[in-house]
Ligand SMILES: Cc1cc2nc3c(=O)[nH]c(=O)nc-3n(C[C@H](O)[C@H](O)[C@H](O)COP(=O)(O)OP(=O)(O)OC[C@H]3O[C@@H](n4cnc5c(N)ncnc54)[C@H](O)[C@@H]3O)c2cc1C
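Consider the single chain below, provided in structure tokens and representing the form predicted on its own.
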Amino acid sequence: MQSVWLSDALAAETETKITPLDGDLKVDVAIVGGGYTGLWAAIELKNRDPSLDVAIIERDICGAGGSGANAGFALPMWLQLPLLEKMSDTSEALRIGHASLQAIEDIKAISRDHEIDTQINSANTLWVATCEKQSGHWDKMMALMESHQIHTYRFLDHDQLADATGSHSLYGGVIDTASVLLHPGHLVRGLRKAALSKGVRIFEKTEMTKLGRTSPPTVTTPQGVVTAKKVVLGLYGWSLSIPELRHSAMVMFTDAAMTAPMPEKLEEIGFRDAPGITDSKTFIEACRPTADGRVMWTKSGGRLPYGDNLDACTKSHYRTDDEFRDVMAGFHPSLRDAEIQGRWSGPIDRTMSGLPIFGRLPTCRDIVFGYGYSGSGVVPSRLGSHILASLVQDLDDEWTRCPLVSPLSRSFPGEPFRWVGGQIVKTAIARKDRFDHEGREVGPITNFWLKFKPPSYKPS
């Protein structure tokens, strides 16, 4: 899987040296996974203790997974405030919300300090409804924000949304004025550069074939064995390959595409400097302009992997070109036949709560993990690096005690029940989204299966 984002970033690199592991290695901390989670964790650990010997093991290249393939929406975690309050208390929920705002500032700072072309754009993100039945999902959330003196969300009606986006398909929505848009490929490759500058060793094209739950733990690869005092698993959707993590999350793929540059066309239709847009469907549709005048758009609800075989789902598209163009036409009909520069499919790891999970592997406390971003991982991966670093350092602090450090569950069954049940629930979700737009009500059978849908990062 290589997105247009990642291709952009690789093309901009003057020299990229890929170093596979060559022989056995002993380190203080071994991190498995070279995406946002692993790179931020490595950077945070080196910031806290520059003497630590930290190595990242990545089976492909840094950014080849979800980190280089997402939509580039950097969203604060205020939408998760009700659940965070339920899991802890109001003060802790607000602390995490404010920490997520700081995470966005951290992205800006590391981009500036390491000259990363993150293309951060303060045009913000819209959460909208594309039919009357799905409008108003934000009402309770906005009332809660206002009660806590959080004023970063603002309601926009149909006409205001048309002015902001050039689209007349939006019934109403809210703008998240604390959010930013960025280039995810440049960010992940820039984090790689920043980690290397701090002395982190990165071994790409080095696949973990076995995880030793010993003391000390080990990571076996075809090129050698890494022995570490602590191991960090930052595997994103590929966390399903770890038996202890498999039942706490499920993975569903999202289809994505990028147009060729067309800045004049976007200027003409009023979308050149527009905010990013996410809708209120359960299978979210989203689109956004890029800094160089392209449009990127996505549609969730794609393929379901069987077991942990995610790679098979990256090799073909779930939707036809015509079906996928219809998604873009739903926002801007005049863009339906735009030239497509590239298409790709990426995994979304969803938990039953919609919140990420961090913790220690129950079979080996020296192995820690973080995953389950449920469609919004740009900011929580930075916030989670504080948690992972504190877990590695065996600290008892505000990060290791926060509600995102939670016990693993058996929320999702094993195969074949996971895949079969997932297909049924997926069909029910698609039916509900379609009926909403047709002004119809689904029946009792569909409603029964909808009870099993895992949530996204925002209410639907």
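Everything quoted here is computed from the prediction, not taken from an experiment. Residue positions are given as counts along the sequence shown, with the first one as 1.
Below, we turn to the form predicted together with this ligand, even though it does not appear here.
Note on the partner interface in the model of the complex: the residue among I348, V232, V128, L187 having a heavy atom within 4.5 angstroms of this ligand is I348. Put simply, of W138, W78, F331, F73 only one has a heavy atom within 4.5 Å of this ligand in the model of the complex, and it is F73. No residue in the set F271, G276 and R294 has a non-hydrogen atom no more than 4.5 Å from this ligand in the model of the complex. Across the options 151 to 159, 261 to 269, 316 to 324, 205 to 213, residues that bring heavy atoms within 4.5 Å of this ligand in the model of the complex belong to 205 to 213. In the model of the complex, at least one heavy atom of G375 sits within 4.5 Å of this ligand. None of the heavy atoms of R431 is located within 4.5 Å of this ligand in the model of the complex. In the model of the complex, this ligand sits within 4.5 Å of a heavy atom belonging to R59. The shortest heavy atom separation between A42 and this ligand in the model of the complex exceeds 4.5 Å. Residues of 237 to 270 that come within 4.5 Å of this ligand in the model of the complex, judged by any heavy atom, are W238, T254, A256 in sequence order.
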